[in-house]
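One chain is shown next in C-alpha cells, namely the form predicted alone.
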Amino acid sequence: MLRNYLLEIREKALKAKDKVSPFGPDINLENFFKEVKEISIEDLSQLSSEIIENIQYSGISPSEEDKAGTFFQINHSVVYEKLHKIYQGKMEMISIEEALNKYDWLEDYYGKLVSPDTDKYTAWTELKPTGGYFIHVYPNQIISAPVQACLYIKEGNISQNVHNIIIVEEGAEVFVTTGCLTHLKNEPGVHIGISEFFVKKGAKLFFTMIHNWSEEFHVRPRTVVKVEEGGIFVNNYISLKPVRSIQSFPTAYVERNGIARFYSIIYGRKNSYIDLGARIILEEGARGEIISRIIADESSEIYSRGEIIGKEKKSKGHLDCKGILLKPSAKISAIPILTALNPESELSHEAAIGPIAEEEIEYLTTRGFNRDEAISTITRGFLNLDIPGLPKVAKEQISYTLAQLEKGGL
C-alpha cells in the first residue's frame, strides 16, 4: 500500500537528515524551520500588484492567456490551481499532496528517481514537506498550450520544500514553464525542489525553469529524468539575478534512441555562489547535449559541471560550455566529464572561458558606442543562445534583465 511505502521513504530520509551534499556550501536547515500558510485565491488578479509584477519576469502570465493551466504556490500553500476546460480529459495538474491521497499507483513513481537519502536536502523535503505539483499527461495527448507553475516565496527565514512529479505518457507532448522566485531583498531563505520526470515511449517534455531569487537566498534543486525509448526531454534553465548560493546537478537516464538536452543561461552577480550542471547517461542510439552560457560579474563564483556517459553502442553526446569573466574578482570553473563504456559511443566537448575580446569592444566603439554600451551589446548577444523550444517569455526575461543592468536597475 502507498501508506506503507511512504513510511519506508520517511525512514530512509531520517537516516540522511544530516548527510552533507558533496557540492555547494552546507546549509543549517534548522534555521529555516517555521511554517507559513496562505489563503487560496479564485483568480490570479487577486494577487498583490508586487507579486504580479514579479512573476511576469519569471515566465508566468497573470492573465493565463494561451496557457493550458496554472499551478501557483506561495510559501507553503498551494493557493491556485486551474486547468482549462479544453485540456480536461487530456491531462491532470494537481498538488502532490492531493495526488498522493488520490492514487495508490504513485508508489511506482514517487521517490523512484530521486532517493530521499541522497543528501540532507532530499531528506528534509520528505521530513518537512511543503507542497509541489503533480502533472500527468495522458497517452497520445498533444498539449498545444504551455502549462505554467509558480513557486513563490514572500516570507523570510523559511524553507520551501517541494516535491514535483511530471508523467508524460506514451506518445504525448507538453511544454511546462516553472517560475521560482522571491520578492525578498535581504532576508535569507531556502528553496529545495525535488523533481522526478517520467517521459514515456515516444513522448516529449519541454521544461523551462526561470529562477529569480534574492541575494541571501539558498537554492537546492534535485532533479532526475527518465526518458524511455524514442522520447525527448529538453530542459532550459535561466538564472540572471544575484543569489547567495545555487547547487544543482540534474541527471537524465536516456533509453534506446531517446534524446535529452540541457541548456542553461547564467549571469552571476555580486557574491553569488553558483554550482550547476547536468549528467546524461545514454543507452543504445540515445543522444545527449549539455550547453551552457555563463557570465561572471563582480565577485561571483560559478562552477559549470557537465557529465555524459555513453553506455551502449551508437550513443552520442556533446558538452559545450562558454563563459565570460567581466571582472578580475569573478571566477568560472568548467568541469567536463566524458565516459565511454562502449567503443561505438561518440562523445565530445568544448569549453572556452575568458574576458570579452578587446578588439570586439574597439570595433563597436568606432561605430558610435561608448565602452559600457559596447560591453552590454556583446553580453546581450552572448546570452541570446538559440535554444530550441525556448519560450518567448524566457527570451523576454533575458532582454529585460540586460536592459535593467544597462540602466543600473538590478
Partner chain sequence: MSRPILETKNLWVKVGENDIIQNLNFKLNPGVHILLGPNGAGKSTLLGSIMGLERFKITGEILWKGENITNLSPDKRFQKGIFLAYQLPPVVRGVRLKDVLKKILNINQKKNLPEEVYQYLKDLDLDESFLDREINQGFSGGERKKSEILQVLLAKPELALLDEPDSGVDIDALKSIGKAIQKISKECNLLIVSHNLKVLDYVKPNSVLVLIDGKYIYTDGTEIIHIIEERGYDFLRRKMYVEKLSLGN
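None of the values given here were measured: they were computed from a predicted structure. Positions refer to the first chain, counted from 1.
Below, we refer to the form predicted together with the partner chain, which is not included among the displayed structures.
With respect to the partner chain in the predicted complex, the three residues Ile39, Pro62 and Lys82 uniformly fall beyond 4.5 angstroms at the level of their nearest heavy atom. Contact check for Lys34: no non-hydrogen atom falls within 4.5 Å of the partner chain in the predicted complex. Although the partner is absent here, Leu205 lies well away from the partner chain in the predicted complex, with no heavy atom inside 4.5 Å. The partner chain in the predicted complex comes within 4.5 Å of no heavy atom belonging to Ile27. In the predicted complex, Glu346 stays away from the partner chain, with no heavy atom inside 4.5 Å. Only one of the listed residues (Glu359, Asp66, Asp43, Glu50) places a non-hydrogen atom within 4.5 angstroms of the partner chain in the predicted complex, and that residue is Glu359. Note that among 53-61, 66-74, 338-346, 361-369, the stretch whose heavy atoms approach the partner chain to within 4.5 Å in the predicted complex is 361-369.
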